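Take a look at this one chain, the form predicted alone, written out in C-alpha cells.
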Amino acid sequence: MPLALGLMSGTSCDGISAALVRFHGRSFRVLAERTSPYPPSLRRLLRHGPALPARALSRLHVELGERLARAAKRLLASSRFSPEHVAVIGSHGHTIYHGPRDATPSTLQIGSADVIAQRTGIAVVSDFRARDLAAGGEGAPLVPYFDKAFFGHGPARALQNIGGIANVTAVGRGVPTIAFDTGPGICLIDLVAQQMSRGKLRYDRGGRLAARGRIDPRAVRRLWAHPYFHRPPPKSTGRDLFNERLLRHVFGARLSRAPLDVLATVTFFTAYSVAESYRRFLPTRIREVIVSGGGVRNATLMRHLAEQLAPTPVHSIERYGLGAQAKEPVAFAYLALRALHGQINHLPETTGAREACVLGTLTLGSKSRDTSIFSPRKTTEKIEASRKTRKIDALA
C-alpha cells in the first residue's frame, strides 16, 4: 500500500508537525512522526505575516518551503525510508490570512510546494483550502473528512482539536457529521504567556501559571459576547479575530497588572467556548470527546474541559495510539493521497461548499515520472516487516 507524508504548520506558530503514514482501507499505520520547533525569529515572522510587505512575504513563503522540505527529509532519514517509497506529501502550509466571509472570499497559505517537491523529489499536494472557497465553502475545517473515515463508524464522538484555533468534528454511526471551529485554542493562552514573560516563554507549560491565577467571570462573559460564537456552522476563524487586539479590548491594563488572572481567564474561556459551542450547535448527545493538538499538554485546560463537559468522558487521542500533534499531518497525508487519485477529499456539509470537489494543487517531484508510485498495488511490506509501527483501525 502507498505511503504518504503529511506536513502541518498550525496557527500556534510553534513548529512543523510531520507524519509518515501507510493507509489501507479503513486503517492506517503511523510509521514515524516528529515535531520540529521554529526558532524565535521565524515564529515572530509568521505571527506578523499578514502585515509583511510583498517582498518579505514572498521570501518567507520560500524560506518556509525550505523548512517544510527539511522536516520531510529528516523524518524519512530518521525512520530509514527513502523518498522513492512515498507516493505524495500533503502540505497544509501556514495560514497567513483566511477570509471566507470577505466581499471576495480568499485564503492564503504559504510554504512553497515547488521547493518541497524540488528538494524531496516527491509529489506534493498543497493549497487545499482555495478550491473549497471557490465552491462557496468556508475553506475549513478540512480534517473532518479524515475524522469521518476513521472515527465515524462507532458511537457519537466529538473529535476536538486544540491547536492555535480549536475545531470540532462530531461523527458516529447514523449521526450527521457536523464540524466547525469552536474559537480560540491555545492562541490567546500563548499570547498572554509570551507577553507576561517578555518573550522568555513560548507557552504556559502544563498550564501551571494559569492554575495560579483567578478566573474573571465578567471577562468570560465579554469574550463569549463575540459575534463569532453565536453564528451557526458552517464557520471557521483564525488569528484575524482572536488576537492581541481582542485581549486589549477585553482586559485593558490588567494584561500587565494582573497577567496571571488574565492567563487563568483565557485558559478557562477556551474550555468554556468549546463546551458551550457543543451545547449550542451539536444536535446529538456525544458519548466521548477525543482531544488532539498542543492543548492536550495543558493540564489546566484539559481539567477545565473535563469539568465543563462532565459527565461525558474527555480523553487524549493518545489513548488510541495517535500522537497528540500527529493527527493533523496524518489527516493531510490522507487528503493528499485521495487528491493524487482524483478522489473527493472534503465534506461540503461541514464547509458549506455547494458541491464536492478534489481539493489541492498537485506539484510533481522528480520521482513522479515513475507513475507506478501512484498505484495502490505498489507495496512496502518488505521494508515495514522489520519496523515497529502503530496500526489504527477505523473505530467501531
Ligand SMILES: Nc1ncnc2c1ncn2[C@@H]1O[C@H](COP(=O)(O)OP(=O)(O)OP(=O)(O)O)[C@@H](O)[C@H]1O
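Bear in mind the structure is a predicted one, so any value in this text is a computation, not a measurement. Residues carry their position along the shown sequence, with the first being 1.
Same protein, other form: the form predicted in complex with the named molecule, not shown, and the subject of what follows.
Partner contacts here mean any heavy atom within 4.5 Å of the named molecule in the predicted complex, and among 73-81, 265-273, 291-299, 117-125 they occur only in 291-299. Exactly one listed residue, out of R205, R285, R254, R319, brings a non-hydrogen atom to within 4.5 Å of the named molecule in the predicted complex: R205.
This chain lacks the partner; the member of G238, P144, G163, G137 within 4.5 angstroms of the named molecule in the predicted complex by a non-hydrogen atom is G163. Remark: L7 does not count among the residues lining the named molecule in the predicted complex, judged by a heavy atom distance of 4.5 Å or less. When the named molecule is considered in the predicted complex, I186 lines it closely, a heavy atom lying within 4.5 Å.
Taking the partner from elsewhere, Q109 is found to have every heavy atom lying beyond 4.5 Å of the named molecule in the predicted complex. At the 4.5 Å threshold, heavy atoms of Q325 reach the named molecule in the predicted complex.
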